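Encoded as structure tokens, the following chain is the form predicted on its own, with no partner shown.
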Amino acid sequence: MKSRMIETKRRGINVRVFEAGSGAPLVFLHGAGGLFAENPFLDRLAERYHVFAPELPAYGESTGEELLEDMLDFTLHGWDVVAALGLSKPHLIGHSMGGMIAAEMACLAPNDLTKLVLVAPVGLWIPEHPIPDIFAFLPHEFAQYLFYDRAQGEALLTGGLDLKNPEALSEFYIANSRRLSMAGKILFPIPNRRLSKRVYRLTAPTLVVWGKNDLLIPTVYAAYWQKLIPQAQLTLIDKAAHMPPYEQPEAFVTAVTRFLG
């Protein structure tokens, strides 16, 4: 995928956007970990759609994170990016934190998107099934909670860096701290911004995708999303935890393309 920088209407926010393909516009919103060096599911989606994958401020080369403070800021930023790209009624796909942002976008402007795909989104809260606090995780615990195959997860999370190299380790932690500091604005202490009160506004056809082995956000939340969103479809993916686009890209892309058409 090629990348370019765009500036939104909010002065001071510059966003790096990865782009590929042609056809109906599709915007992918990443989770708290950001995009990885390789995102094969986006390449596959670009075979059928014009795919745009913007990085939030504080991720990659995107800047202006000091201007986004709360959930409404993140939501409006999402639509600002869509406007800066010149898109009309795109498909929205959001993963984890990006799923919460995509859902909020769809609630705020229900007629401005075509279809919505929520991939293991945060944003709801069931007191009997609390979600672990990722900000309290030790480094080795991320792969354990996020991936069905822990070894695969560790390789993706580190991006192939030699963490025995002090300089590489320092760069990794600085970048990760910057990302999590941004994510913490809407995920800490718990990812509950009362989205459930606004979901009634969501009218776009919606697909909820979940890994059957998700240890971070159990599948009981998948059922809750499906209950709250009128006529939402649900797909559970085998041998996947919280990262189905990366763990099972073929199954993920098949489910998404079948739904989007």
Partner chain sequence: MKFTWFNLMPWPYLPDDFREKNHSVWVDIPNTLYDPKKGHQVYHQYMDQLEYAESVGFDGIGCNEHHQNGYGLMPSPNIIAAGLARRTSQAAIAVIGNSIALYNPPIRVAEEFAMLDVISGGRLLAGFPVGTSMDTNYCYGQIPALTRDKYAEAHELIRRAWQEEEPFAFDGKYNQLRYVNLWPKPIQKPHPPIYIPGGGSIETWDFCLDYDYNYSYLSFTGYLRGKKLLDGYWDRVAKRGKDESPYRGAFAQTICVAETDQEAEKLYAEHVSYFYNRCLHIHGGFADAPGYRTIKTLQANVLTAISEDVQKLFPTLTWKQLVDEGYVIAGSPATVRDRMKDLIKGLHVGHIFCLIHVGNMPDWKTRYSTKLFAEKVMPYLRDMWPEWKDDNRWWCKPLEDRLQPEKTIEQARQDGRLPL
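Positions refer to the first chain, counted from 1. Please read all numbers here as calculations on a predicted model, not as lab measurements.
Although not depicted, the form predicted together with its partner chain is the subject of the following passage.
Although the partner is absent here, Ser181 is a contact residue: one of its heavy atoms lies within 4.5 angstroms of its partner chain in the model of the complex.
Contact annotation: Lys185 falls within 4.5 Å of its partner chain in the model of the complex, judged by heavy atom distances.
In the model of the complex, Asp133 approaches its partner chain with a heavy atom inside 4.5 Å. When contacts are judged by a 4.5 Å heavy atom cut-off, Glu38 does not count as touching its partner chain in the model of the complex. Of the candidate stretches 147-155, 96-104, 186-194, 109-117, only 186-194 contains residues with a heavy atom within 4.5 Å of its partner chain in the model of the complex.
Proximity of Glu69, Ile174 and Ser177 to its partner chain in the model of the complex is complete: all three residues have a non-hydrogen atom within 4.5 angstroms.
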